[in-house]
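Quick setup: one chain, the form predicted on its own, written in structure tokens, and binding and motion questions come after.
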């Protein structure tokens, strides 16, 4: 479904992604594991097309020079030069880190804002589905998103991503800053979404312990480079992973 081939990303002369190749097959949950500054968010922004938008903005204002090499294909189409809005219409939807939502709008308004690709009937059906996946949002549907907890905002952000009818959902650090109990609930929801909504998922996380048991395959990044890859079980039982991410 998704193929990233020899991707390289430079910010000025600093390299953020170095000769990275990954693939995601239809129906999989694939994990990208790495610490801060490993290149996870740069990878997600590049796959989603957001980095092209940022590159253009920086060029227009004479700011930071961003250079991208390599090839990205989705559903056997080369999307390397396609803008973010085109990729969304193709089915690539990014849920960015730190659960960005429209804080002055209530929960249901946020979901409706994200439904611009849906008919009215599809929108209502999808909202009902999101409330079933995240029942904690039901009593909060008229509350402004800025007054939600971090976990509730993350549920809403993932729900907004679902409103865009993703074929491939990109989850950038969805567990960041959340309590262990909320992390468990979100992980369970991600598994349910893959199963019920027929969505392929690429998830980037530094919290490897809760993510590794649910992924089919995973890649470990360090300083923008691929250092390990394997099945979720192989990575979970790898002593290097345990030492680096589990503290054992």
Ligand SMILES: Nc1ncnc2c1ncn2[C@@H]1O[C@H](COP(=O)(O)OP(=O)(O)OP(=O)(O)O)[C@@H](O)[C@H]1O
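Positions refer to the first chain, counted from 1. Since we're looking at a predicted model, the values are computed, not measured.
Missing here is the form predicted together with the named molecule; even so, the following discussion is about that form.
- Residue contact check for residue 29: none of its heavy atoms lie within 4.5 Å of the named molecule in the predicted bound form.
- Although the partner is absent here, residue 206 lies within 4.5 Å of the named molecule in the predicted bound form, judged by heavy atoms.
- The named molecule in the predicted bound form is not approached by residue 67, whose heavy atoms all lie more than 4.5 angstroms from it.
- Within 4.5 Å of any heavy atom of the named molecule in the predicted bound form lies no heavy atom of residue 48.
- Each of 11, 42 and 173 is positioned with at least one heavy atom within 4.5 Å of the named molecule in the predicted bound form.
- Listed stretches are 34 to 42, 181 to 189, 211 to 219, 194 to 202; the contact stretch with the named molecule in the predicted bound form is 34 to 42, by a heavy atom cutoff of 4.5 Å.
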